[in-house]
Each structure stands twice: as C-alpha cells, then as structure tokens.
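A lone chain, given as structure tokens: the form predicted on its own.
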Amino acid sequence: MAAGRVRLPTPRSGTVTIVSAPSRDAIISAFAARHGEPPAAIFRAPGRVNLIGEHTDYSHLPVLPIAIERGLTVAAAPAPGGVVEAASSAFAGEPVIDRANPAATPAIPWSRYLTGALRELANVAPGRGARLLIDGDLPAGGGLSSSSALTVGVIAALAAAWDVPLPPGEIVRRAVVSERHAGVESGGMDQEVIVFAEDGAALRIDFDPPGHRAVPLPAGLAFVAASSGEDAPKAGAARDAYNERVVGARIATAMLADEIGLEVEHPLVLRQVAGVDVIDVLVDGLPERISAAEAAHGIDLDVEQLVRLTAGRFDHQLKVPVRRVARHILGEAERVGRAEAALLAGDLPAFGRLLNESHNSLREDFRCSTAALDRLCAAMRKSGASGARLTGAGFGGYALAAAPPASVAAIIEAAVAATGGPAFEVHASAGLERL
C-alpha cells in the first residue's frame, strides 16, 4: 500500500517503522483490493509539532504549533448495518466496532480513539456502518499527535462517507471530546492546528475568546523533530500524570480566585486569573501539593468541579502539584506572545532562547521531561540549534530544535547519536485535506 518502509533502531522498542506517505491512487487501489469497491472519502490529517505553549491549552491559554508534512490518511466507505471495521498499516490490530455498543469493542490500543470518535458521531447517520483503511508516515506514540490526526481524519472521513460532511470547526469540537473519551483530559491545540494550519506558517491559537491566526515563519529558520527513544502514549502512567496536572491547574485557579475575591465560572481554567496584577506573587503563595478534597474544603467549593473528567473522575484524595504547575502554565503563556513577536521580527536568537526557557520550565516546574529528553535537547543545542525543547505532552516522546538550515544535518546526526533516533527535518504544512 505504501511506497516503502525504513526501519530505524531505538533504545527501548527495538525498531520504529516509518511508512512513506501513500499516494491517492495507492490508497484507492488498496481499499478496492480489500473491500471490492473504492472509498467514498479520503482525508489526509497531518501531525503537529508544538513550537511553544506546552500544557497551556487546557487552561484556555495560547499555543503556537505547526502542522507537519507527515500525517495519516483515512479512507472510508459506507457499509450496511451499524458496524465499523478498521484496518491500518500505521497501527496494529483490526478493530470491529458496533456503533450501538462501542464499549464492547475488544481491547486494541488504538480502538479507544475510534470508539471515542464514534461516540461523538452518534447523531450522524445513526445505524449506518463503515469500512476504514488508515495509512501514513507519522510515527505513533511519540508526541507528534498521531492520536489527534487519527480522530480528526476518522471523523471527517466517516461524516463525508455518510454524506453528512461537517464544517471544520465542528470537526475540531467533536475530535477534542473524542480524545477525552480515551482518558486524557487534554485541550484543543492538536485538533485545531491539524484542521486549520497553513503552509509555511505557525498557528497562534487562543481559546478565550476563541480564535487563531497564521504566523508566517521567517526565512533562515528550520526545524528538526527528534525522538528521545521513549514512547509517550496517552495511557497508563503518562495519562495519570497528565490528568494530575490538569487537576492541579484547576485547584490553582480556584485558590487564586478565592484569594483575590474573583468569581470564576466552570470550567476552572487559569485563563480566568492570568491577567490579575501580581499574579506571580500570588502563585508563590500556593501550596506545593494538595488534594482536591483539601482544597475544596478550604474554599467551600464543590470538589466535583476539580476532579470531574470526561472519562471518569480523578481521585479527590490524591495530593497533586499546584504551585509549580501554575507557575509553568502562566509563564509559558507569556512566552507564546514573546515567541510570536520574535518570529514576526525575524529574531531567531530570541526565539531560540524562548524554546530553551520553555524546556527548563517543563523540566524544573512542570516536571514532564525525562533524562533522555534533556540529553537530546542538549545534544541538539551543542550541534548548532539556537533552541531546543520537548514537544508534546512530555514524559517521553519527541523534542524540537530550531536552527539555521545549514545546521540541520549536524543536528540530526547528533540527535540520532544521543538517543538512536529517528530524527528528521519537519516543515510547517497545511491542515486537513480531502484528497
């Protein structure tokens, strides 16, 4: 189906398969060979690399990502009955999902994203089934947003195949909630950039009030994405660590609002207190760790506002980090504005320094970096990068380096030497496309 595969060694998992992007004709041929008919709709959903603004979106604070040329292609055709069958060269297993009872789907890791998408499509062509075929060249499990590319592509392709195409904003909204059904209470950055990205530009995304704008990238700036050699799946311990920080940010919001006598609305997000004078001083007065139960009792708040998740409930007795989580998120949001200004001014050294500051904050305050990510970023800086930071949720996965084009080859070589790779140049690319 795809044009070729390159197997690259990694320290922990042995090999990573990178599949070259399939052509439209190859997808149609493969689909027809499998199902005896061509697909009704084919969508290409890109991956993403976040330049800066990490762990700010679920606090409704700004982000600055790019979509990249690597992505996933989803082909779909309607089928009789209410069953959705899926196969993929990018993910192992072939889920078969009954739309009437998606929770009964056998446990295949990526099927939880399909069931989440189908839950958000329950009112679209109810009772109809479909066949899906997914291919691509986007590495999975590393923080380049393969899960969001999958859910966006599946939602767009299924709706189109059922002849109920959705507007872009509606695809974003449904895809965000789809992923939360999988267990991670994430924000909306990935889905928005995957849908709305523009070629050659970053996308500044704001959530309150909602909006986005293209930020053209200056000449002389190149990006390298490099693997730490550690998977960063949105499951298990990584999922729990992510949700712990979401709850910590909610607690910080509630306690800061109580301190200054500010009325805040549900959902509790740091955007509601970000503009308060001397916020930095107030953040320093937050507890280092506290449970949602303790925080809610102290400020007379319904604890459910702190611990309710889309896919369940966080343990209200578990102590979570609060002060350092708030310090990172508020500082990172401020760095987004400075980074946008640096890009518009063509000040690449300043932009690189902001990436380094971001990584330091993610390591020291947010504590989602790892020794492998730290080593990788240091190696890329030493080999010519003006700045480097982890990209994505952290806890493993990929790092990003910004550099002059002449340094790209040396940075890739240094990254592979540090972790085993893979590492490759990425380019700011357009968003979701119907082929």
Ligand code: GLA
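Quick note: we count residues from 1 along the sequence shown, nothing fancier. Remember, it's a predicted structure, so these values are computed and weren't measured experimentally.
There is another form of the same protein, the form predicted together with the named molecule; it is not shown, and what comes next is about it.
- Stretch 183-191 is the answer when you ask which of 73-81, 183-191, 196-204, 128-136 has residues with heavy atoms within 4.5 Å of the named molecule in the predicted bound form.
- Contact with the named molecule in the predicted bound form, defined as a heavy atom within 4.5 Å, is made by none of 340, 351 and 359.
- A heavy atom within 4.5 Å of the named molecule in the predicted bound form is found for one listed residue only; from 242, 110, 162, 223, this is 242.
- For the candidate set 41, 403, 27, 393, a heavy atom within 4.5 Å of the named molecule in the predicted bound form is found for exactly one residue, namely 393.
- The named molecule in the predicted bound form is not approached by residue 31, whose heavy atoms all lie more than 4.5 angstroms from it.
- Looking at 58-78, the one residue that comes within 4.5 Å of the named molecule in the predicted bound form, counting any heavy atom, is 58.
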